[in-house]
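We begin with a single chain expressed as C-alpha cells, specifically the form predicted on its own.
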C-alpha cells in the first residue's frame, strides 16, 4: 500500500526526467468517449505523442479509418496521419507512456446505484503494464474515496507501490458536449494528488495541455467531491424550479415570467429554468455517487434524494399535462397522431444518455399514441426522414429537445394542417405565437 515519502533513487530520477520533458510527454488515454477523444485531440495539438486505448474494437477500427460517428469529437485525421496519435485495444502500449489518463464512464444502475465496474476494469487492465515513474490520472467522475480505496489497490496489484513507484492523481473531467465556447482546453480544472509529488506531476501535465487555470486541492477526496458538488448544485436548483413549475401550474402563474422577474435582482439569485427532466452523463448521475457514499458512512442526503425524485418525475408530469389537454379537445391518447420532436438529452447533440425524452417516449408508446419521431441528430431512431414528415397530419406536437432546427416552425400553417396542441417540454417556443395561431399551448409551469 501507499506510504508517503518513500521514493527510491531510481524513482526520483525517472520522475525528475518526466518533469523536465513536459514539452514532449507521451500520453496514454484509456476510454475513447466524449471525454477521452477531446483529450487525445488536445494533447496531440500540444505536440504530445498520444496512445488511445478502448476495448470497443469496432470503435477503434472506425477511428482509424475516419468513419467513426459518435457524439464526441472525432480524433482529427491529421494527428493520425502524422502518427502523433495511435489508437488500439492493446493495453501493453501504455508501457511506453509517461502519463496514463483514465476516461471511462461511471454510470448508475437501473436502481440508481453507482456502477464502478468500468473504472475497476480499466485499472485491472492497466496494472500489468504499469511502469515505475509513470503518472496515472483518473478523470472519471467518482464519489470521494474511490481513487484512494479502489483505484490505488487495483493499480498496485502488479507489485508496484503508489506514491513510491508511480504517482496517482484525480482531475475530474469538465466538458460540455455541443458547447462552442467552453471546451476541454479552456474550462478551469481542479486536481488532487495521492501525495505532493503526484500533485506536482499532475499539475505539470495539465499545465502543458490546458489553456485555463488549474486549482490544486489538498487531497484526492476534495478533488473527487468538487465534481459531485457542482453537478448536485445544478440538480437541486433545477429540481427547485421544476417543483415551482408544478405548483404554479395549479395556481395559473407563468413560472418563466416569475423567474425572469426574480432575475432583475442584481445579487443573490441565480436563474434556473424548468423542463421535462434532466439528462446526460453528469447531473442525473453524479448525485447518486454522493448519496451512496454518504449512506455507507451513516449519513442520508434527504435534500439530494428529493431533488433526484422531483427531476426524475418530470416526464410523468408532462405526460399527465398532455392527457389533460387531450381531454379538453376530446381526443384519446390511443391512436392520436403525435409528433415527438427530439430524443437527445440536450440541444445540438445526438446523445440520449439518461434522456427524459426516452421516458416520455415509452409512456406515449404504452398509451398507444400514433407516434412520429424526429431528431435531426439521431436519424436512426427517427420514424421519418424530415421534420415536415413528422409533423404532417399530427394533432399533437411534443417538443422534448430544444434543437435549434425546431425554432422556426410556422404554427399558423401547422394549425391549418390539423395540429391542435403544442406540448413544449422545454419552454422553447414563443407561447404567445402558439396561442395566436389558435393552438393550445402546454408548457412546463406555463
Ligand code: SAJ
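Quantities reported herein were computed from a predicted structural model and do not represent experimental measurements. Positions refer to the first chain, counted from 1.
Although not depicted, the form predicted in complex with the ligand is the subject of the following passage.
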For the ligand in the predicted bound form, the stretch among 265 to 273, 250 to 258, 292 to 300, 149 to 157 with residues bearing a heavy atom within 4.5 Å is 265 to 273
So in the predicted bound form, is the ligand close enough to residue 223 to count as touching (4.5 Å, heavy atoms)? no
Proximity of residue 277 to the ligand in the predicted bound form, heavy atoms at 4.5 Å:
yes
With the cut-off set at 4.5 Å between non-hydrogen atoms, does residue 84 touch the ligand in the predicted bound form? no
Notebook entry, point to check: With the partner left out of view, is residue 319 within 4.5 angstroms of the ligand in the predicted bound form by any non-hydrogen atom?
Noted result: no
Note: exactly one of 338, 94, 307, 282 sits with a heavy atom within 4.5 Å of the ligand in the predicted bound form, namely 282
Answer key: of 129, 363, 246, 174, within 4.5 Å of the ligand in the predicted bound form (heavy atoms) is 174
Across 230 to 250, the residues having a non-hydrogen atom within 4.5 Å of the ligand in the predicted bound form turn out to be 231, 234, 238
